[in-house]
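Before any questions on how it binds or moves, here is one chain, the form predicted on its own, in structure tokens.
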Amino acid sequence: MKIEQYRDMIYACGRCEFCRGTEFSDRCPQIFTQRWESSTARGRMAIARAILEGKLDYSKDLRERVFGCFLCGRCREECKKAAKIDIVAITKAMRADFVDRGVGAPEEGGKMTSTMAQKGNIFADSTSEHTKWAQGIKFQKGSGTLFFPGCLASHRFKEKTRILVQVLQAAGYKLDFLGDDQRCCGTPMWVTGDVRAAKQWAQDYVKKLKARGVKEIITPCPSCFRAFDEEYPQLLGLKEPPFKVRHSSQVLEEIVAQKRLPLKTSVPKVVTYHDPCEIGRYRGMYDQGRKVLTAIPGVQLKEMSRIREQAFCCGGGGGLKIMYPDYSQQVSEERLRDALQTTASVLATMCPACELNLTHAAYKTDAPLKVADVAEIVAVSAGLADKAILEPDYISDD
């Protein structure tokens, strides 16, 4: 079993309350939605320990406790103050054990992975739909800098993705794009525990990108960013990533710092910023988005009560949006409440999954607030996009 390698960490859990907090709505989105003690990090460590001791075995009855985790990393962040247990890694190992032992992921999780493998994206869209957002944009094949949008940016946020590319190109970046040859980064495979398939997927993708001459990847998706920069090296046993990988937040910060794009138009908006888990707690990238926002004339940044390391999840992590959509929606609405308390008219973030979940929450609750990517606000200030895209009643053609 893959959890064997974490035996010492599993036994180190002293069942303190750091991971779960004292309030169901405070820290952990899993206990916020599922309420059971077994739906906490310390509960999951107790399950893992019982499995190691032969008192429990992987079964369908246990799936919700392990696959119901949002993998947001808040428990791991809190455990840094206690036993320093890598609960995210152990949870992923438990998911892999479910697959290895023939129990498998929840049905919808398995469908997501098989759809991705067969169609190249998690939505089963055609190749033409996958690249529709890029129509009319000129890319430079062989530039060495690949723009990799990812599934959500390509299929659910076509306008936002076009705007981001326009900002990058206006700032002087020469971008390549895979076009019809682009496929998912592979994240659904390791999220649902299919490590064998994930390893082969990573090998094939690295080979393809090297053959194209890719030296650097720029992506707006934190999952894709971590796929190439973190998961691929782990899967393939590499000491360092096969390519330089940058998230769009890092590139936008560079644009602002180097004044590569004039931001002349005032954007008189109160904006609050949501920290995506996978570039926040996972990679410590909290300042990039905020530095960009505060550099835009007219923007007033107003913070939520839970930010940075303590930010509440958007509800889109860990495959929950597909495997347990009701839980995902509950968490997104809770996070939206944090934003509404700031009285901001724009909720900005830098993650397509966060944007999707928070937008769904805003639509369902008819909230007077627009969910936007930071790049959209930059584009308005740079004169590359109409200010109407930042209004709560604006709906794109996506």
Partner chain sequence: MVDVPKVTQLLKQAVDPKRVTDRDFDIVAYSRDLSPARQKMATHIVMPESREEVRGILRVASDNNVPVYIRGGGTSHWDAYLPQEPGILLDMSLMNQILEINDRDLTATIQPNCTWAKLDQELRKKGLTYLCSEAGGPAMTIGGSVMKAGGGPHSTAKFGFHGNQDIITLEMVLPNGDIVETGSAAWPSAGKFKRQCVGPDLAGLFIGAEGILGICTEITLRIRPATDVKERMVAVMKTLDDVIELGHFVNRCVGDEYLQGFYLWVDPNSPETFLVMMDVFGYEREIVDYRKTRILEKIKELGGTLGDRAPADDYYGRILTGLTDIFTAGVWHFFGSGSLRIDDIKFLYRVWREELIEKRGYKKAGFGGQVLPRDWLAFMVTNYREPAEWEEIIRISDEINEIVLNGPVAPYGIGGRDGLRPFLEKRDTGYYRLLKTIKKAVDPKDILQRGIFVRKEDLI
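The shown structure was predicted, so the numbers you read here are calculated from the model rather than taken from an experiment. Numbering follows the first chain given and starts at 1.
This protein has a second form, the form predicted in complex with the partner chain, left out of what is shown; the following refers to that one.
Colleague: Should R15 be counted as a contact of the partner chain in the predicted complex, where contact means heavy atoms within 4.5 Å?
Modeller: Contact check for R15: yes, within 4.5 Å of the partner chain in the predicted complex.
Colleague: At the 4.5 Å heavy atom threshold, is G68 in contact with the partner chain in the predicted complex?
Modeller: Heavy-atom contact with the partner chain at 4.5 Å: absent for G68.
Colleague: With the partner left out here, check for me: in the predicted complex, does some heavy atom of E77 sit within 4.5 Å of the partner chain?
Modeller: Output for E77 is no: heavy atoms all beyond 4.5 Å of the partner chain.
Colleague: Taking the partner chain as it sits in the predicted complex, is G21 near enough to touch it, meaning that at least one heavy atom pair lies within 4.5 angstroms?
Modeller: Because a heavy atom of G21 falls inside 4.5 Å of the partner chain in the predicted complex, the answer is yes.
Colleague: Quick one: from A82, I137, L301, A124, grab the residue that has a heavy atom within 4.5 Å of the partner chain in the predicted complex.
Modeller: Contact check passes for A82.
Colleague: Based on heavy atom distances of 4.5 Å or less, which listed stretch (368-376, 351-359, 332-340, 58-66) is in contact with the partner chain in the predicted complex?
Modeller: Only one stretch passes the 4.5 Å heavy-atom test: 58-66.
Colleague: With the partner chain taken in the predicted complex, which residues across 18-48 come within 4.5 angstroms through any non-hydrogen atom?
Modeller: Contacting residues: F18, R20, G21, T22, E23, F24, R27, R35, W36, E37, S38, R42, G43, A46, I47.
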